[in-house]
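This document starts with one chain, in the form predicted on its own, laid out as structure tokens.
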């Protein structure tokens, strides 16, 4: 008998050996200590959650629906209500195109598993939502980076250059409105160009739209899904417009793909919470959402304006920043010689104020050392004024 040596420690998958928690999540835990004015998280204000209305919705569901606590298939009534919500965003779709998920993050994960082969290509902006990098990491893809214009959004010419040279990414990841972390929205012309490229080269767009309902101007621009049903997969979420703890989102996709999406999702959680689906449906049926959205837009828009004015007043000469049309974030570029990662420790220790340095959002091979992301939705106007003044002292 031939004896072979046995491993002396647990063997992990290759991709998991280099895995670590996202820099963003690590930072938020560090800078959210009591007493800190934090502009670090991507959080809505809990004081604006519709607690009473949602409590009524859950109570009504539990009192009248015996299946609310059971394993159940996706709720048809909720799908129909999402169709109506999408119409408000300028998107025509049917209930057969709605795929319910446990948060938009799961929708992103399911689509990545459906579309991306191990070692394949993914097109991302140079500074982008870290959650998409975590989702694709197990496939160890090649990232195709493109820059972003802080006024008009993703550099579509750079996208076209990748495709013209022969790159065929599994998908193009795009945040059309109120980009996280950059705050910028893609211009109408660029949306049209990007969809045309998707059709021409047969490359799908995964359009992440968690902030599309949080617009602070008179009218919002329809997402790219309004321009194409075949090549644009749309991700929506109730996290930012009702509450993050609901963990309920949706994908708008071609009906023929929903069975495959279902198989991929079942491997992760079998199904999304029947109770939450029914409670959200009851909340929507009671017509609470329109007034709630008006309140969020008014309050968050006011906080955005306070932060923009304070940045202009307190930040050093040579700084520039985005003016978001919606969402929760402002992206700031300080003078090139400044390092926001180094300055963060001073900000927290000496001024008790926090932000997220730009490098937390950079794709591999790219640096944004003089940049930072600021969240305006979670803090009151007075806290914003005081916190930005403190940051001004740090940066000075």
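Positions refer to the first chain, counted from 1. All values derive from a computational prediction rather than experimental measurement.
Another form exists, predicted in complex with a small molecule; not displayed. Remarks below refer to it.
When contacts are judged by a 4.5 Å heavy atom cut-off, residue 135 does not count as touching the small molecule in the model of the complex.
For residue 103, a non-hydrogen atom is located within 4.5 Å of the small molecule in the model of the complex, even though that partner is not displayed.
The closest non-hydrogen atom of residue 240 lies within 4.5 Å of the small molecule in the model of the complex. In the model of the complex, at least one heavy atom of residue 210 sits within 4.5 Å of a heavy atom of the small molecule.
Contact with the small molecule in the model of the complex, judged as any non-hydrogen atom within 4.5 angstroms, is confined among 240-248, 274-282, 292-300, 80-88 to 240-248. For the options 110, 232, 172, 175, the one in contact with the small molecule in the model of the complex, meaning a heavy atom within 4.5 Å, is 175.
Distance criterion of 4.5 Å from any heavy atom to the small molecule in the model of the complex singles out 180 from the list 180, 220, 322, 97.
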